[in-house]
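Shown next as structure tokens: one chain only, the form predicted alone.
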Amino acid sequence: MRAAVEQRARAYRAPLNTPRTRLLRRFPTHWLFLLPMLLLVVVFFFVPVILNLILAFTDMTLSLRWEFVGLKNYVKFLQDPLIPQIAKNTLVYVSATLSINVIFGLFLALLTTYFVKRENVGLAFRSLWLLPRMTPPVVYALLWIWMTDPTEYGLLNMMLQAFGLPPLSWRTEYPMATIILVNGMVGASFGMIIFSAAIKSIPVDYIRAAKVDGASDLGVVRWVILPLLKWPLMFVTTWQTLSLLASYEYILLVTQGGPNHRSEVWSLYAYYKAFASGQYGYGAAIAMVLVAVAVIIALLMLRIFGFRRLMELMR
């Protein structure tokens, strides 16, 4: 009986030892699946980065002539009188908007997945909050332009008039606060979805055990849910920081960076220099400095969140 089983096993293994199968084993077939994505990354990421890096060392203008000038653009960047104000605007904008994106996104996730017990209610609320992210940026910006309209027909001014207060020119008097709210409200939806998925993945037994030990809902959040959200918190914080450093479309659509550069951030300044002023080389240099700053900030965040220690715990 044993001999028959071994003979049958050899018969099944025999086709696996053919020259064709041995060739397939040696050939790295996984590269066939990775090749399309690698091509996309090289064509749409590495090549533009290299071209932008080369462009930063040129004095290209609307004439589109590649004249290499060395570090002239970076010297011009250090001597630019607007750079301190632009850097300050960027710091205020990124830090304040990031706080809304992470903290308010976490609040929305806890509210709709843990405190609201009916799943349909939480799902409907998250769906409604995602609408601005699913709509084109122009539509979302037009909504805020109407809300901050300086006349009595703007939504915020209607609310002020209900309390007997005069209308305000929100985008002129409070441009930074306006763009922080515009980007914060739409950015909170990203954190809400990530944190909601992470909370739903927590085993129910952990929460039940905490409730048996006498923990309140806030106690469950403090001692069970938040400690298990280290990965999502690190991801959302790092991702949103890098995204805010590079974003400018809502600022361009709502305030155009004004008035007097009061709401103009680093990425928008690079956009204006490159495409509005035609200083492509200088705009590329400003963008490359921003990339270097973003890399340093990302590494610092990974260090603060203990990325290496988290990786060791996952092994």
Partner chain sequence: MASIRLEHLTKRFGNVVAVDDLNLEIADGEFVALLGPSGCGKTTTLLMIAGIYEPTEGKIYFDDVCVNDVAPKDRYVGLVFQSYALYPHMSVFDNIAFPLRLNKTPRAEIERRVREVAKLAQIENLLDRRPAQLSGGQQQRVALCRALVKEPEVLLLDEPLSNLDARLRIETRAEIKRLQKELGITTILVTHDQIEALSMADRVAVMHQGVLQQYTTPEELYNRPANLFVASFIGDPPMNLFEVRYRRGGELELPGGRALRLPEPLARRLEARRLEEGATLTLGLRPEDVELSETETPEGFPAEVYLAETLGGDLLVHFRLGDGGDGPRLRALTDPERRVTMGQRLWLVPDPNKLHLFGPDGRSLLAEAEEEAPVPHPQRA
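Numbering follows the first chain given and starts at 1. Everything quoted here is computed from the prediction, not taken from an experiment.
One more form of this protein exists, namely the form predicted together with the partner chain; it is left out here, but the text below deals with it.
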> Applying a 4.5 Å heavy atom distance criterion, does V212 contact the partner chain in the predicted complex?
Replying inline: yes
> Is there a heavy atom of P227 lying 4.5 Å or less from a heavy atom of the partner chain in the predicted complex?
Replying inline: yes
>> With the partner left out here, check for me: in the predicted complex, does some heavy atom of W223 sit within 4.5 Å of the partner chain?
In response: yes
>> Contact with the partner chain in the predicted complex for W146, defined as at least one heavy atom pair within 4.5 Å: yes or no?
In response: no
>> Within 4.5 Å, heavy atoms only, which of F107, F235, F115, Y206 is in contact with the partner chain in the predicted complex?
In response: Y206
> in the predicted complex, which of the listed residues (Q79, S216, N120, S127) lies with a heavy atom within 4.5 Å of the partner chain?
Replying inline: S216
> Only one of 235-243, 165-173, 127-135, 198-206 gets a heavy atom within 4.5 Å of the partner chain in the predicted complex; which is it?
Replying inline: 198-206
